[in-house]
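Below sits a lone chain in structure tokens, taken as the form predicted alone.
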């Protein structure tokens, strides 16, 4: 009987395990996870939904894993992979023989050099335990300093303000959300945070981050010192590639895979935050995505290809962020765009379309209250997948439905 081993019990790994069963795989499945609890959704960790419950949102119950014949090893770390012997050695002393293996090891929070990360007053966010430590510090009158004006930092800033904590956001670049978010949308988000009382400071570097007298001390390049009850370091993530490196797999901004999610070693696949892959709709450009939907989609795709389907990656990248009552959504990748068009949707919502020099739609981004941009982003995503060259005048005309452009 075939044995498929999945290393990494996050969204991607758990989705792959269940997808194998849904697609008819009747061999053994072992899912190896380093956390002591069952796989759970990570997006809620930085969003306001954590205000409603302190429990993780589990992907499935333990009973569901048992019913599906999935052996879940929690609190176990895969330490070494032997691609020749086709075995993986684990921290509990076990050695698992595999016929095929999926690496879904995710990513870790990028540390701030020189700082004592995940100490009493300095934290990062990657796990449910991290989220609970942050949540306990977000109290009225407490001062939370956030280093990094990306999605994680800004979502947590919004959550802290909703809990009546004082918040300072420090971003080294000239504006927040510099990577992948248009300036017009970043401006709206910055203004909203400032209106909510967040002190947003951009273009300032960190000279030192220490703990003194029961506080975190942030020393800025300007010479100023900020004292905080807790500092969140949210300066990005690093793909977890150590296991793959020890196994001799090719690494290129993550575990390098081909269009079928196959690594450089036979019968080893990789998917989710840990891998980089060629994206055909962008000319085979190699990318690495850190997103919930990408983890889901690649988990399902990896399962299919482990069973011999040989289906290539075709999904359009998609991201979202909730802050206060606003939702930001982005479809596609705007690198290479030379034309940027705006479409107003009313209710303080708008869309931006990003086209290359030939007029092809590369990406779309939108922001608005609730689900105001969701439908149009979905239609834009379909236009991007179709490699469409829509009429620019029609894109900006709010009275022309995007669905009609798709039909054309």
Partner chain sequence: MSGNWIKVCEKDDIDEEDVIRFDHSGKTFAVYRSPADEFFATDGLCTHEHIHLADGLVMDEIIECPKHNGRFNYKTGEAKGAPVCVNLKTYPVKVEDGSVFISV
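Numbering follows the first chain given and starts at 1. Source: prediction; values computed, not measured.
What follows is about the form predicted together with its partner chain, which we do not show.
- Although the partner is absent here, residue 345 sits far enough away that none of its heavy atoms falls within 4.5 Å of its partner chain in the predicted complex.
- The shortest heavy atom separation between residue 349 and its partner chain in the predicted complex exceeds 4.5 Å.
- Using a 4.5 angstroms limit between non-hydrogen atoms, residue 260 is distant from its partner chain in the predicted complex.
- By the criterion of a heavy atom within 4.5 Å, residue 41 is counted among the residues contacting its partner chain in the predicted complex.
- Partner contacts here mean any heavy atom within 4.5 Å of its partner chain in the predicted complex, and among 377-385, 31-39, 351-359, 66-74 they occur only in 377-385.
- Here is the short version: of 190, 124, 305, 329, the single residue with a heavy atom within 4.5 Å of its partner chain in the predicted complex is 329.
- Contact check for 15, 293 and 371: all three have a heavy atom within 4.5 Å of its partner chain in the predicted complex.
- Contacts to its partner chain in the predicted complex (heavy atom within 4.5 Å) from stretch 245-282: none.
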